[in-house]
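In structure tokens, one chain follows: the form predicted alone.
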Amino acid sequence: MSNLFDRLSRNTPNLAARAIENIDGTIYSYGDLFALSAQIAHVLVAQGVKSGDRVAAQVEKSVPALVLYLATVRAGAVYLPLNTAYTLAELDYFISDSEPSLIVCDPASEPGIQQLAAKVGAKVLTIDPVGKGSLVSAAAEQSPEFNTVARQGDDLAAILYTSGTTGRSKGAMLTHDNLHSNATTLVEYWRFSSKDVLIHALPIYHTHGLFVASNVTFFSGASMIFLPKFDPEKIMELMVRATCLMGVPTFYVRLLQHPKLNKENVKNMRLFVSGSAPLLADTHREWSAKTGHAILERYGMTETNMNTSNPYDGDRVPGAVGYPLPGVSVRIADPESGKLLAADEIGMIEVKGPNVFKGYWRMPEKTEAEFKPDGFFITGDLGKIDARGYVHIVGRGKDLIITGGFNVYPKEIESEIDAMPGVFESAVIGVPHPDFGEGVTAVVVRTKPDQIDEKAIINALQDRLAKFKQPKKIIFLDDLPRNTMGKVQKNVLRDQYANLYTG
């Protein structure tokens, strides 16, 4: 049997061991998690969820919300986490495309979700920000025993929607084997054990917080302190009794500003991991100087889980994302010809391994286009492998923006702005930002001077786009730069405004 949950439960023989310490002080043992996942799985089945069905969740971070992921996998279904910032207009696409049989949402958004659910015949249950709601109430009446549904390793465990630079988001199909192989590899590579205590301050609708942080903790029998969101003060307080922190670059930028950050306060910590966006080399060096710890930066994608990591032992090179993980192959190819490139030559990063996804949901042509005949996945990231074997990300072949660890594709934002009265055209770019890695920035050409201003555009986008997608600044130009073929030269705009947020 290859169900991810069965492999997890076999890995965690000590059911009395602590698994999660919630922010309110509640302690959950592994036995508690397994019992709650059984109870929720019973509710899913009672709601008509069958093997292979999708269970969509747009809920705030809570222990029951995390256990819903485990329960979905136990029931043989496919977990579909959705960013809590998505508006109803955005959710309409995800729900219509994935056709879940059950949607779990916050009670406050239930009326709007019910309308979307009706379009696809889905049922709706709720979990609120403190872990209460109709799903949890129903689960309390169920048995703590559940016969986990048998699944094959190649069967789907999750679908995560990822961003592209054109068109709509694509659903990356992740299998039980994908998630299991990556979790067990990271446990070994990062030396996780049952003695570890992870500060979990990441969202759980994203591959970093859901699959990297949570799966690595569970598959090593470690425990986590579960924070609803990033809180520098709370993290400083917890570091004296934790051993690990996983974060995005913003975490480390903010923590460096904390007056109590010093070597004494982090002496119990053994590992700081950063990912989801590029970590500035200056941040890496400043953290090392202040704490005595070198941040371990790694590289992954929604489609591939984790591909590379700086070593646990050995040099953690600022600006590099380390070596390919065991079992993962990484190569650099010329984007045009496909020819493989030598050390230090910049080209397209391609990866292959048990971590790489099965393809895009209901997009066979797109899936075929993104894989080479020999099975390598074309990441869309430009990079190089240096003479020591370290992988470096130097940019993206596409115009994807990564802000605060979230993927944003410009076309969606441009379509919204272009539809506004007074706008002739727009180009959305990402430029370096000290807190978010990249700041979403819109360059707009108006039909007439002063016909629409920055405030009007930003206000109009508030109810149309998730907050992380909304431009941090609007720049007005008379014309957008174009090449001889008439294509907008976003590289020129990125260069022109490279210091917009960094001075």
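Computed from a prediction, not measured in an experiment: that's the story for all the values here. Note that residue numbering follows the sequence shown and begins at 1.
Although it is not shown, the form predicted together with a small molecule is what the next lines describe.
K.L.:
Thinking of 185, 210 and 213 as the candidate spot, does the small molecule come within 4.5 Å of a heavy atom on all of them in the predicted bound form?
P.N.:
Negative, none of the three is within 4.5 Å.
K.L.:
Would residue 302 sit within 4.5 Å of the small molecule in the predicted bound form, counting heavy atoms only?
P.N.:
Contact check for residue 302: yes, within 4.5 Å of the small molecule in the predicted bound form.
K.L.:
Can you tell me if residue 271 lies within 4.5 angstroms of the small molecule in the predicted bound form, counting non-hydrogen atoms only?
P.N.:
Result no; residue 271 lies far from the small molecule in the predicted bound form.
K.L.:
Does any heavy atom of residue 196 come within 4.5 Å of a heavy atom of the small molecule in the predicted bound form?
P.N.:
No, residue 196 stays farther than 4.5 Å from the small molecule in the predicted bound form.
K.L.:
Is it the case that residue 321, even though its partner is missing from this view, gets within 4.5 Å of the small molecule in the predicted bound form, heavy atoms only?
P.N.:
Looking in the predicted bound form, residue contacts with the small molecule include residue 321, since a heavy atom lies within 4.5 Å.
K.L.:
By the heavy atom within 4.5 Å rule, which residue out of 225, 138, 363, 393 makes contact with the small molecule in the predicted bound form?
P.N.:
It is 393 that has a heavy atom within 4.5 Å of the partner.
K.L.:
Answer with one of 309, 72, 276, 178: the residue that has a non-hydrogen atom within 4.5 Å of the small molecule in the predicted bound form.
P.N.:
None of the others qualify; the residue that does is 276.
K.L.:
Where, among 138 to 146, 252 to 260, 367 to 375, 200 to 208, do residues come within 4.5 Å of the small molecule in the predicted bound form by heavy atom distance?
P.N.:
Stretch with heavy atoms near the partner: 200 to 208.
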